[in-house]
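This text opens with one protein chain seen in two forms, each one given by itself as structure tokens under the names structure 1 and structure 2.
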Structure 1
Amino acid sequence: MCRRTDEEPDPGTDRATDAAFSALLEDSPEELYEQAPCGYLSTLMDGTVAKINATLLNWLGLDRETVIGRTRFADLLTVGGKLYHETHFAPLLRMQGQLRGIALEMRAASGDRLPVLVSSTVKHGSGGEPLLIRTTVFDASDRRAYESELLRRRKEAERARAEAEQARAEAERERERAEQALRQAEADRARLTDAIAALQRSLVPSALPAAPGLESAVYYHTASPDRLGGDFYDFFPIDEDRWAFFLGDVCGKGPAAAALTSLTRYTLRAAALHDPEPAHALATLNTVLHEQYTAAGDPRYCTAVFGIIEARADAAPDHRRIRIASGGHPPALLIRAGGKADFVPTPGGLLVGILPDAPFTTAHTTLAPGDTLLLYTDGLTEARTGPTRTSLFGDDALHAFITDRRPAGPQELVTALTGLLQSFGDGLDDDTALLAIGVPETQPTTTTATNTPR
């Protein structure tokens, strides 16, 4: 009812209100019970229905006569509801004396299911003994639909979460597999690196040996990332007075070139011990390489300078005689004590390994104190000085560089050339080897290797 407070009460409206109240007051308790908007029933302690209101009978489509004294509350439930009643509802009610808002399903005479919310209270006698059970029943159809929806959503969410968890676990397993593979790859790589390092050590000496009355220096650079070079060198004694040296360049790069390098180095070492005549040593190498590769249809070759350096009874004690031969290799450079530099002509000399019988010629020269002999590969003379391979460093520039610098002795020479090579940057795109051997100006009793391969 709504009216403005400043108005006089309308006697007609008051009369209508009074009539409504009277009607309510005349609503008998009986009427309130029977026609209440919820179901009421009362049962004996064993569940036998003693009283039930019209609302509930109406919902269930049952006659009062068939229910009172003949039916138990549990009989009005669906089978699932009955089981729940026996295992949960009834024991709880006995223990607590009351129950609130339990969701059950009742079964109507038509067979329809009626979702309900049930609350029950036990009425006790004056001695505290349980007498009967009063129960209210609320129609929960709409609420049940809503709860079912909530339940369905919850199940969906749980399923989604389980799936996400599964996907996460699978991703984790995948990550572990990847890590395992990575660890394996790293182990493989470490093993391969070890193998390559061992192989690489077999291609060049780990350090130059100390030769009495001589000084030597070396520089070694591999262009390939696996450090397997196509350039090679060696310096080793034949006997007390004679040392052999060689330096060369095999065709190609990488593992195949390394195999060829290895064969070349050990062939030359063996040949030198058997017959230290440089032209003969190169001829032996030629035969071996030709037979191994070119004759077998896989033409491979190398260029090399091979020499013997020896003290001779017929020469001054601080002079060294050099016999040297070349197979298609850039000529050695002889730098005199005063700084004058000349290429050592090595006539003839084809690429080693191409032809079955290649002629090699031995040339002669002498090292006086302060003189240095430089062997190098074309990595030096063919280093790029411009953006393309049309501008290369070249023999003349090398000659001019050394004439300008006048380095004193092998170590200084190699240090100067190393600096030069570094100045080329990425212009140095090939393997490069330098080997310098000299007679010191003031001769020490022994010399040491002044550089180790890098």
Structure 2
Amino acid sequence: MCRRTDEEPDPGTDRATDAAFSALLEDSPEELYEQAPCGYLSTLMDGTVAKINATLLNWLGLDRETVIGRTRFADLLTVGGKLYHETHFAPLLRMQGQLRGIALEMRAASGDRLPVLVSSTVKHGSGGEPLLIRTTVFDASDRRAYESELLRRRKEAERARAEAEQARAEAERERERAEQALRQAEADRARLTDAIAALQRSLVPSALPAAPGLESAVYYHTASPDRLGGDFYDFFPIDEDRWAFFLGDVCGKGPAAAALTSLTRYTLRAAALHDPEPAHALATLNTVLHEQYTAAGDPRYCTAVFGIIEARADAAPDHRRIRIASGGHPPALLIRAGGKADFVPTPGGLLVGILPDAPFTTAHTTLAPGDTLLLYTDGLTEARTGPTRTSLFGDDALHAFITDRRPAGPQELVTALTGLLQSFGDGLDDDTALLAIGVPETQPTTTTATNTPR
């Protein structure tokens, strides 16, 4: 609380204050000099110590007798400090007459270094001549430690920043390498896809030829654009009156399957030209595959349907006789003009290439105007259906699908089945080939059959 100005001062309080000041004033100047919180020393102009206080002697661990008149100020410094004193400190002091807050290091008797801040002033006589140098020394250990800590932290921060920059640069390089690798992978994949597509086109005809008095349509679905399909088909003339057709599925995928497909396709074409009897053509293929693979310890096989379609001499000119044989393949489906559909029985027929002498039997049927023969691979009947994709489509469902829709002709049939395949979505996980051959109800102008391979 502030004291009112009109109150009289307390004589007792004033006396106590005066006593405290008197006690302070009792300190002699000599004691204040010796016990000062900083170091004092006076030196001659050549640096010889003429006077030094007890504080600085205690810091350095020295005796007054060994210092006064026997030691120069520079001798109290470290080697680096002495060099700086001689080259900078002393010349500047002589020129300017005073220096303030110069950072030096003094050497204690124990050999320890004492960081200090030094301020010096030259005392001049009445005539202006320099007489001595008065120096004040402050202990800068705490400051040095603080500065060292700051420097350490700064170096750590700079190192951390440099490491962060290096990590960022490395991450950027990794990103660029990843992007380059991705671009390279995409380019490689595109080249691979193109190569696979080109090779796939060499394994199946790009278009079916037009056969007089017949219609044909084909559809080919590959389960993955990155893999070569294992299904194959063909439709080609034997002579003016006979045409051969086949469709099948080799085991495996990829390059090995492609090699097997190529061998199978060209073997069947050659066999058809040599002996067009279907059972004989499949027997020839069986011998080739068995000798090429199974007998060599690498069993490979295929399923296939092979047939010959020809005009009947003993029937109407618009009817066609079909001779057909199967080697372990799903049976062909014959759709009559009225919509009735039946599977063509092909007795016997083992997988082609497994046994050295596999039996094959040729079956016979007839195509009348409006009839269509459908060949397909098991990708169609083994498509997974249902909410959980655990049920197979199956032969019965295929038969019901066709009889319900009664497609007119090969093209309409293949178009309907293509829509069915697309409706399976991810349930269609295998290659699928469709080949339909029929006799039109009215003889059309000969045109190239539709071919929509995928």
Partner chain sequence: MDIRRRNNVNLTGPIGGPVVVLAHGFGCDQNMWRLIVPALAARHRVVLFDFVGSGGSDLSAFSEERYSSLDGYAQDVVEVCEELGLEQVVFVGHSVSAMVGVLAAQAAPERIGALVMVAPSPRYIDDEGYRGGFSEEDIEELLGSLELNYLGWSAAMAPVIMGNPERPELGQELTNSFCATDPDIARVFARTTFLSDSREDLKAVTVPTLVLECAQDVIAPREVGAYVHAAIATSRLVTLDATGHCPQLSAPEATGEAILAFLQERQ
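One-based numbering along structure 1's sequence throughout. Basically, rigid core = biggest C-alpha set you can superpose within 1.5 Å across the two forms. Just so you know, these numbers come straight off a predicted model, no measurement behind them.
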query	finding
Structure identified as the form predicted alone	2
Shift of residue 422 between structures 1 and 2 at or above 2 Å (CA, core fit)	no
Residue 403 C-alpha moves between structures 1 and 2 by 2 Å or more, core aligned	no
Per-residue C-alpha change between structures 1 and 2, residue 238, threshold 2 Å, rigid core fit	no
Cα displacement of residue 141 between structures 1 and 2, core-superposed (Å)	21.3
Angstrom displacement of the CA atom of residue 386 between structures 1 and 2, core fixed	3.2
